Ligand SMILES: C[C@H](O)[C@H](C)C(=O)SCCNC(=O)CCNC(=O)[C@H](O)C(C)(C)COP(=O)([O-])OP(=O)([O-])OC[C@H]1O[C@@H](n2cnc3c(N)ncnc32)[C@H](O)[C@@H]1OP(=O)([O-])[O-]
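Only one chain comes next, encoded as structure tokens, the form predicted on its own.
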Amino acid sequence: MCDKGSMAQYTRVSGFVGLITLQNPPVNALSAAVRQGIVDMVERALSDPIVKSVVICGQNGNFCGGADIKEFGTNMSGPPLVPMIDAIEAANKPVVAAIEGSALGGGLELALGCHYRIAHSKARLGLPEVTLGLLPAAGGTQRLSRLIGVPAALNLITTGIHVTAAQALQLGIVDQVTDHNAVEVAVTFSLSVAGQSMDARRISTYPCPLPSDFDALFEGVMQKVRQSARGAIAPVACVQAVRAAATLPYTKGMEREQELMATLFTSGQARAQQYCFFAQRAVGRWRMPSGARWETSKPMPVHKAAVIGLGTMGRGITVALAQTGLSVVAVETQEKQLMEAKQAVSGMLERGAKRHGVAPMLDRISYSQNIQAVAEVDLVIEAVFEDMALKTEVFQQLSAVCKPGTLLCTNTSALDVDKLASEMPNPELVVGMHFFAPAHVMKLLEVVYGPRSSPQAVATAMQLGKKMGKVSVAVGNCRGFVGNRMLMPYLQQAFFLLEEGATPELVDRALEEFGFPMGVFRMSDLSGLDIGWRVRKRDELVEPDMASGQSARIRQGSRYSPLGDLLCEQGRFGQKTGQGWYRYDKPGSRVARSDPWLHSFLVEYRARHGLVPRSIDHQEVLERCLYALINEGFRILEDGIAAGPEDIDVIYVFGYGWPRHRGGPMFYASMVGLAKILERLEHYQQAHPDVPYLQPSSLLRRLVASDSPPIHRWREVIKKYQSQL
């Protein structure tokens, strides 16, 4: 017998087992209809005298991906999760969870309410609520702590990590792991325990195992969590909920879990993190100004790829390609560099493989000093030195060597992709693939299309990025694309703040308290001051240090700070030389220390240029750095370089360390209030008339004039704005 009416299907199998199958593709999320289905079917199985035991599973080999996030912003209808799971746990017949695919969030909480859990060896389990600014609030913090102990539960719940079935077995989350069909194994098992009392299997009745150094443990974890959370409140609430499991009876612990969840649920942070979740999905559905879209542009198959130039970036890209299982031809013309790269790439692959418990993909890569070796590849990524003449030369060689239809990608962070394409016989095959260092680790990829790039070329680069585990964002071609173009005003404002009286420590502290992993000056020391210096020299902004006063700080008609140039002239390139904006114990050391030399250098610099230092507070640092960056974001939307605010936000969260619990620069602007951002920009523009990019963007003015619509409505205003240009 079988009932298919609801989103939970009921079947009686093996004569005596009620099998309940969740049906809500793609991940069987616990929507209102699914919860209602579970409640009805459990009741039915328990009241059927023939049924001796119950098995809960999900259709299409996937148990349950958790709550339905789309319901979060709405008035929740349907049966609540907690009483539903309590009723399963209270059942007087054995209930077994058959876990295939994934049991995440509410899905794992549902499984913890069952009396037994049997997982397929390929299944993954976890409580990732913290990544959405929430905590597991259907008993997850209370039951998991009782089942596997406080330290292990804290680790899972505060990080949101997924564990494999084997790890789950070791931790004690599941009772059995099988390579066979988990549902069949669960059905057989459920019959073997039928008729037994389930009193000893109800996790909510377990005492929570307490470590001896209980207080010290929580103190240490809380300190660590606060440090890594950088202002995010969800991880801290997770620790508090687990503490409640350890110190209170179950019902009181559940009340505390609910209270903490209520605080998080209404917080701006949860909204920001859920926005991030949907924004990440939205950027995959890219479209070009021509109207070409992801649904209609079919990517070309890529089996074999090549990387030209094996410096830091080239090595990382080679590793990332090999790890996706592609054949890679790695080309480096200089022998010494080639030998070093071989060693470095092998090391990176071996370390990565060890971490994931797989074999390293060393045999996927062949090396060559000759560009002819790329004759048979489907796609080439050029990663040579950032120099237009050199890149053009390489591209011309490639178009002579490669088979027709080979996609030519350039990993440039700022150069004109269209200018490069225009030198080629097939400009439609040229796109930018801007990776972020280290390329095999960083999640972001900017895919840059020029006016001549074909939609198929863009689709191929986007698809390849996805295969490499990247978050790929399609962006238009302009100087610095999206990320680096917005970074310029942010960096410049930080320099100007030093000129006006701030210290690197003050600026960095304000940005780190906001939630960035590193402030601008520590970041600059890490990546190397000489990189920006080289770019500024190329742009003819660097002048010999002779003049003083106002004129020395003007370039091409706007305000300019030569501070970075002056440090580089002293050979202070950051961590690699042991001194930059900070000092380090030795070259290559990571610990930034305050540098008295730099402070007296700033005092002399201000005196020489007639600058009177004043006191600068954290609020001004944030407003000037962040609002200048946000304003450039509006200009990028105005110019059609990014399709919508989500694209910019995803780029900043995944590529530039923007704190996820603040959603991204454009989302943050909508939370602060566009009118306030406009008012502050006007204030700073009046105070600094020689800084043109503080002039508020006309799109920002237009949005404020349209009553600051919510962020998901901005695209309509942008469309109108662009059609009137």
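The structure displayed is predicted, hence computed values, not measured ones. Note that residue numbering follows the sequence shown and begins at 1.
Below, we refer to the form predicted in complex with the named molecule, which is not included among the displayed structures.
In the model of the complex, the named molecule stays beyond 4.5 Å of every heavy atom belonging to L511. For the chain shown alone, H162 is a contact residue for the named molecule in the model of the complex, at least one non-hydrogen atom being within 4.5 angstroms. Although the partner is absent from this view, P659 stays clear of the named molecule in the model of the complex, with no non-hydrogen atom inside 4.5 angstroms. None of the heavy atoms of R590 is located within 4.5 Å of the named molecule in the model of the complex. Only one listed stretch (491-499, 136-144, 181-189, 636-644) carries heavy atoms within 4.5 Å of the named molecule in the model of the complex, and that stretch is 136-144. For the options A322, M462, M486, L132, the one in contact with the named molecule in the model of the complex, meaning a heavy atom within 4.5 Å, is L132.
Taking a 4.5 Å heavy atom cutoff to the named molecule in the model of the complex, the contact residue among P696, G66, G37, P665 is G66. For the stretch 99-129, the set of residues having any non-hydrogen atom within 4.5 angstroms of the named molecule in the model of the complex comprises S102, L104, G105, G106, E109, P128, E129, in sequence order.
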